[in-house]
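There is one chain below, alone, in structure tokens, taken in the form predicted on its own.
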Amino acid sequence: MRVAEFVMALVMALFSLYLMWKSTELPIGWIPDEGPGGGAFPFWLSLGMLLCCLWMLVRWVTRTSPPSRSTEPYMTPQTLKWFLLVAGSLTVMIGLIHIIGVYGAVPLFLIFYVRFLGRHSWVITGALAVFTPIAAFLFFEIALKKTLPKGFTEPLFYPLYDFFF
């Protein structure tokens, strides 16, 4: 566990530095009469992530966090099984996005994850599977005017576009 904490903090710190560098291709400050530049949110969020990673490394060196003192293995066979189930279901969901779109793939993933892996009730599962895609549609497509992939279901959305636009 100790090695895993160190490696993860180091990898995430390097990733943060890369994202900070890449986001400076766009303005990261405030643009008068416009608001934050296109790189502002990625840059400042990456800086926050870098600071958290550095704090993790400090706690690792001083052995003040429970994982930094742990001698337990990072992944037990049971943990590996759960990891493979989640990673596999996410991979299937991402593959389905190109076929049935985000608004079809996300509910299927939520049903599998919440009901079958999380063992929650059908009421909670159904509510999440129905309301998450609706909220995502309203947020991305209507509020931000950013379309998400819809696959072969795209014609089903034409009446909604007519209604909102």
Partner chain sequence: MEVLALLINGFAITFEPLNLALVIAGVVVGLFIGAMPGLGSVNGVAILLPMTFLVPPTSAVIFLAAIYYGAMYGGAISSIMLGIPGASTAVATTFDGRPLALKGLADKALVAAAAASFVGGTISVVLFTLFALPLADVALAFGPPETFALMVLAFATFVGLGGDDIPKTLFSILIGLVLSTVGLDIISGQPRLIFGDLTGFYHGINFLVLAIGIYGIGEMLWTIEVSQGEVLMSKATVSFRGILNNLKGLKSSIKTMIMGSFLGYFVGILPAAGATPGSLMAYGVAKTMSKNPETYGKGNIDGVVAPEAANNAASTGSMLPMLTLGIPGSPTTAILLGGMVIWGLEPGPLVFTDHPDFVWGLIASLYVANVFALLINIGFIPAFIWVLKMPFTILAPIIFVLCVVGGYVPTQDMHDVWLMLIFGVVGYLMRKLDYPMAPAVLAIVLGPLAEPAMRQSLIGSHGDVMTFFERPISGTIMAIAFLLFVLPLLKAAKGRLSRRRAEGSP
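In this text, all values refer to a predicted model and were calculated from it rather than measured experimentally. Heads up, when I say rigid core I mean the largest set of C-alphas that superpose within 1.5 Å between the two forms. Numbering follows the first chain given and starts at 1.
Beyond the structure shown, there is the form predicted together with its partner chain, which is absent from this document and is the topic of what follows.
A residue is said to contact a partner when one of its heavy atoms sits within 4.5 Å of a partner heavy atom; P149 meets this definition for its partner chain in the predicted complex. In the predicted complex, at least one heavy atom of I97 sits within 4.5 Å of a heavy atom of its partner chain.
Contact check for L156: no non-hydrogen atom falls within 4.5 Å of its partner chain in the predicted complex. Interface membership of V130, defined by any non-hydrogen atom within 4.5 Å of its partner chain in the predicted complex, is ruled out.
Taking its partner chain as positioned in the predicted complex, the residues of 100 to 121 that bring a heavy atom within 4.5 Å of it are, in sequence order, V106, F109, L110, Y113, V114, L117, G118, H120. W44 is among the residues whose C-alpha shifts by 2 Å or more between the shown form and the other one once the rigid core is aligned. After superposition on the rigid core, displacement of the C-alpha of L14 between the shown form and the other one amounts to 2 Å or more.
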